[in-house]
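Structure 1 and structure 2 below are the same protein chain in two forms, each given by itself as structure tokens.
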Structure 1
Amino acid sequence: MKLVRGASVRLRHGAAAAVAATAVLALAAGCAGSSLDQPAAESSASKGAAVKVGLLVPLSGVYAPLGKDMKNGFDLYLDQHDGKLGGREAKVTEADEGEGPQTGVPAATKLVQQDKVAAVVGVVNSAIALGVRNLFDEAKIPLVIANAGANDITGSQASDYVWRTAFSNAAVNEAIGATVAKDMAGKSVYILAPDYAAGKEQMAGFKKTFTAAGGKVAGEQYTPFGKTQDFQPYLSKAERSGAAAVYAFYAGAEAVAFVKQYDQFGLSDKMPLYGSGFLTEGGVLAAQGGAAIGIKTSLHYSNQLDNPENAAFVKAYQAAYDASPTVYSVQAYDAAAALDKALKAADDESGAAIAKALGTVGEIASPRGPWRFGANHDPEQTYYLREVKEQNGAVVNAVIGELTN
């Protein structure tokens, strides 16, 4: 906890300096804009008009609870800012991404072509993010991804129009590989994840740093996504492999079933469970309860983080929704913050100007700790080592350290 408290002090000073610098720059940019680029009257008129924003999250399917957290985080930011983004009234149109590209692509297409939104925030599922990438790139409308970790979205398929306030599937898992290898001291792990883009990429990220640090993989299996309710055949195979531990990625309803069955089959005592933090995040942790105790994960957030931004965020979120925030809430809250700053800074209302301005927003003083967009449009951020513990009668993701590769 000392480490985290240290980070929060650095954060406070850094954030204050960044706020001051941003204020000076904004002032300078505002003056230059009104005196040189366009008549002042025109600029204030365009700044007064409402801005249409699309919120594309799962409202149905296995990831629906994640979508709810994202909506809550996005709405909280708006509530705290008089319903405005970039000083303009925000008109939000919601759309359901569902469980895959077959539902996600048409929903995104409607937002862009029919509703004519200025930007879209959201997307939980990697396969959907990959499926909608060309739509946004070709329409020149910014997409601020507030979850989906698909590596290529900020890699081989990067676009000027696609930004991400979340993580890449590789990064979140690469962060913990060496730590697990050290814990294993030469013993092997078994790998389990859902059989779709994110499952494969998350495990590849883990294997990369785990094996580089001397870790051994006893075997791996990818379970049918959204359809697997009974994990017993996979868990039996993991046990028979002789591995000393399991590393997994599951989220939403699948994470609840997986962790509960892992415990019911008596594996928690025999084979420690590690994973990316989605495995024990938010509502799923409440549903897993005691079955999750001892699981160690990597993530860029825990609602247990000890910093002033998180303290204020957790308090406001609890007051608004009578629930604790999750990484999904923070990613959407920060997407609203980034869009707010970008709309303020944009030269005009075009998607091109907004996308360009996203590159100028600088440091975001977030509940996760300070972060900024890197050159590839992904956050440069800290990953935390978390362990599920029981504290004051509740199960929580206690922060037990920071992860460095």
Structure 2
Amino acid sequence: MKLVRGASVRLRHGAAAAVAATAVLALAAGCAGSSLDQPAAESSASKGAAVKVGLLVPLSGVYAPLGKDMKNGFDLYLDQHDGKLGGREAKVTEADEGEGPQTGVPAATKLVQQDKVAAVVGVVNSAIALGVRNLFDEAKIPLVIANAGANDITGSQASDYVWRTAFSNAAVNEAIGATVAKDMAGKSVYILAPDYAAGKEQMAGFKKTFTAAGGKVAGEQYTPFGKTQDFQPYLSKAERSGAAAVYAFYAGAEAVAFVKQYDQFGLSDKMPLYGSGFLTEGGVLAAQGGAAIGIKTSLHYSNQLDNPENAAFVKAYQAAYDASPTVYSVQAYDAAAALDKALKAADDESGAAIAKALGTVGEIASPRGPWRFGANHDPEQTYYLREVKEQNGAVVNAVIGELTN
């Protein structure tokens, strides 16, 4: 993936403490940029009646904390833009995605068929995103995905009406492969991840660039998803493999347990731990505490990023919610920004016109750094190398560099 380059990264010493601990399972991820401090300008083309927008995020169940972060990010953008998108009042209808397709698909169907929204933002779960693909494609209503990372969403199941402001599972991990290979200098790495689609896709992305750069895989294990509490058997096998380091993807409750046991088992001092950024993102980092110090990860955001947009975003987010923003918050914030620009640029208020306009929004000035939609409707963005460090009494994902594929 070609990356959109931002300004050089500097660490924000004294940035806000990490979000309070939450243990949940995570998912099945040209024009002037949108400013954090200036409301969207109204144009003659965008004047008129209110625009109906659906916000489809988990409001209940194990994914609810992610849904809360996403809702906070989306709401913050609206608050900063006088409640408008495209210069028009935004009437937002919230729907509970729940935990899977059995709840998410009916919720999306209601937004499209009964609530008659012009566009929908959200979706945490990849199975839901894939399950509603045909609904939005056939109804010709844009869906701006603000989290779900399945590769097929913008790959084999791509649609003119489905866009993503988050990530693909492969891309997050492809970005760090060559860096880990360089760090290992010919030594091998052991791979650990949960046994489900996202785990397999994330590890495939890492192996692609890691091995291409000369890295060697000593072995890999896929642990029962959502069921593994004792990682000691897997960690013992990793230690006996002769690998010099471990690369892992876990999220939510599994990430907390894995990182704590990795440290308790004494591997932190023997085998450096690398991983997908979700391993230490958001509430799980506070729960991991000092056990996470030294872990290096790849992700497209950290609340420690030093750029003007992020400084303003972190300050505003903390003031509004008494919490630090996460990657989930930013992805939804940027979904609102992209939709704002598309609604202003659209020739009319039809779904077809809005979807077409999404392809013309150009560069967005984001807390993550500047990004834009690529030809496949995924964001072209910078991925950052992050290292967990202790700063001002809290553990944070300090940014130590930018990553390239």
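In this text the structure is predicted, and so the values were computed from the model without any measurement. Numbering for residues begins at 1 and runs along the sequence of structure 1. Between two forms, the rigid core is defined as the largest C-alpha subset superposing within 1.5 Å.
Worksheet item: Given the two isolated forms of this chain, which one is the form predicted together with P-hydroxybenzoic acid?
Response: Note: form predicted together with P-hydroxybenzoic acid is structure 1; the other is not.
Discussion item. Could you check whether E387 sits in the same rigid part as K237, given that the chain moves as two rigid parts between structure 1 and structure 2?
Written reply: Both K237 and E387 are in the same rigid part, judged by which superposition fits each C-alpha better.
Item to complete: Would you pull out the angle in degrees that the smaller rigid body rotates by relative to the larger one between structure 1 and structure 2?
Response: The answer is a rotation of 13 degrees for the smaller part.
Fill in: Per-residue Cα shift, G219, between structure 1 and structure 2 [Å; core superposed]
For G219, the alpha-carbon shift amounts to 4.5 Å.
Worksheet entry | After superposing on the core, C-alpha shift for D195 between structure 1 and structure 2 in angstrom | It moves 3.9 Å at the C-alpha.
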